[in-house]
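Read the single chain below, which is given as structure tokens and is the form predicted alone.
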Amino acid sequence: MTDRYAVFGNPIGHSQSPRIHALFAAQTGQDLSYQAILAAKDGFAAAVRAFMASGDGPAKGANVTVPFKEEAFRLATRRTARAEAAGAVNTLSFEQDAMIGDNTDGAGLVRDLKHNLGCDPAGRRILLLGAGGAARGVILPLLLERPAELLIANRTEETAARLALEFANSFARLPGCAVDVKPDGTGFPGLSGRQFDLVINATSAGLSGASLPLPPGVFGPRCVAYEMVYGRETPFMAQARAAGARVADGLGMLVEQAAEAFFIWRGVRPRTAPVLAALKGN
């Protein structure tokens, strides 16, 4: 019987995940189905359990996107170390009575930056915008690349500062990972007069078309501006482009984190370059 997978989100109509996993399956000869499921904002757990109980084949796993990543963390009965560090889950594996939570966002972002965009985070001054599940998933993977600086900025300064302190403590406990740089947190006004080499928008503002109150000058010379939202020109991207930054959306991250999830589920690592080219219409 065909193994079943899904992605849960709200909104979810824009998701490219079903196509990506269909291309991965065809490339690797895997027999599976993958669908997008719109979950009510107060009904994520019920939607996951309904998916597991329905269908002609066994439900083997699911991806989780906005706004359910932190709820998925709570729903999982077991979690990987990187999910525990992030406090958020974007990949669920269903095994008998266990629901295992993982987080592949950070791995996907770092691989997209390094291998697809030629932007190695090592030694760079990094600004991470946002303090929700999307941001949490990438903080430790970025720190492990040894940047010169990692600053977390959020509309609420206290939230950013608390998140930075939490991850500074988590990073200090990782064996063999003692480095001088620790994340810091600030509100958007605290960015005034500061410049960065890599600015990553992990807020959901791009989904609603909202602008972020970024002061002028945050995009340094030869800065890369990375928008986690994909498939649209967001106000963040427009602002970065106007400031002379090199702009990328999150399509590559989507493909790379999906490949990591596919490997977790199927034990096969697909090639991402042809899939990314197909999504871009090349």
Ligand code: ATR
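What you see is a predicted model; the values in this text were computed from it and never measured. Note that residue numbering follows the sequence shown and begins at 1.
Another form exists, predicted in complex with this ligand; not displayed. Remarks below refer to it.
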Tell me the stretch among 103-111, 79-87, 131-139, 190-198 that has any heavy atom within 4.5 angstroms of this ligand in the predicted complex. 131-139
Are any of the heavy atoms in T203 no more than 4.5 Å from a heavy atom of this ligand in the predicted complex? yes
Hey, in the predicted complex, is T156 touching this ligand, heavy atoms inside 4.5 Å? yes
Contact of L212 with this ligand in the predicted complex (heavy atom, 4.5 Å): yes
